[in-house]
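Take a look at this one chain, the form predicted alone, written out in structure tokens.
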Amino acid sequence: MRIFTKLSSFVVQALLWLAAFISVFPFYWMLSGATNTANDITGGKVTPGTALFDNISKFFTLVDAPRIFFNSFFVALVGTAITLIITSMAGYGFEMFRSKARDRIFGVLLLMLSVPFAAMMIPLFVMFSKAGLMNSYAAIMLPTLASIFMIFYFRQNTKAFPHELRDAARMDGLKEWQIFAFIYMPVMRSTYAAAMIIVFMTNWNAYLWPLIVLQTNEMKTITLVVASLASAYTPDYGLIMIANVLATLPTILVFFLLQRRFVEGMLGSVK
């Protein structure tokens, strides 16, 4: 029995190490590739090289990095802030205000999750073209501000919100917007942190819709720049790797800054 226990423990540990290696190796290869030349990468070299500063120099020479990163940060930060406000208010309203039509409307929203974005691209393109919003920040952000998934997420987490706090606030004379802003939001900070990570990464990594609506190099985001570098006739893989590293750093930073709150938020922790 003890031998069987040790064997099963060894198998579990081996599988965990294998899963960790599979998960971490692509990231390591990206970091290593950023220090190598294109010939080294195509030759299969996986150890660090000496071309890091050359790749960085080429990237900042070929790409208007300040403008590109400004576009990406503006879309990601502003889009995330507005999305969190809209979806948290909607989730709060769906859970706190009861009516006969509430569950039906929410059911329709959930049903809309089954509609693929590819099916909506042409109508959205026509609509934004007629509105004169093409090649703008608004064109990137507007379709995603009222995320149905985030509304669902906030509603489910609002179920754990202590209703006694809301009742006590009402007895103290607070209006509904004051309850939401000064009681609900601070109490649900872990939920907001988890939602911020999800929405920020989604906005930062958005590719298909920005590719359709952005028509000039000055408005491009970092994901479009990385894709354009990779689509060259003779791609410089060292340059592409350094672009990938720079594009990945903000999302890693946001996640590690909010990782504790992220875990609490995903578990529905309310304090």
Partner chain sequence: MKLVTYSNRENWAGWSFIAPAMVLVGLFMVYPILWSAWMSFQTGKGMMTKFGGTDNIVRLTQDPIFQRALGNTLLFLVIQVPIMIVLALLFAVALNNPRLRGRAILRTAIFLPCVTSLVAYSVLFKSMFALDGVVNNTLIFLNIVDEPIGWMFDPFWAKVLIIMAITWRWVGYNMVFYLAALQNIDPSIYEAAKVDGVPAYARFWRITVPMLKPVILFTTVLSTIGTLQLFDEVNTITASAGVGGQPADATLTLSLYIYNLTFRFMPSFGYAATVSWVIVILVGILSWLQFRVARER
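Positions refer to the first chain, counted from 1. Nothing here was measured: the structure is a model prediction, and the numbers come from that model. Between two forms, the rigid core is defined as the largest C-alpha subset superposing within 1.5 Å.
The next section is about a form of this same protein that is not shown, the form predicted in complex with its partner chain.
At the 4.5 Å threshold, heavy atoms of Met121 reach its partner chain in the predicted bound form. In the predicted bound form, Tyr237 approaches its partner chain with a heavy atom inside 4.5 Å. Thr80 falls outside the set of residues with a heavy atom inside 4.5 Å of its partner chain in the predicted bound form.
Using a 4.5 Å cutoff between non-hydrogen atoms, Ala65 does not count as a contact of its partner chain in the predicted bound form.
In the predicted bound form, its partner chain lies within 4.5 angstroms of at least one heavy atom of each of the following residues of 139-157: Leu142, Pro143, Leu145, Ala146, Ile148, Phe149, Ile151, Phe152, Tyr153, Gln156, Asn157, in sequence order. With a cut-off of 2 Å and the rigid core superposed, Leu16 has a Cα displacement that reaches or exceeds the cut-off between the shown form and the other one.
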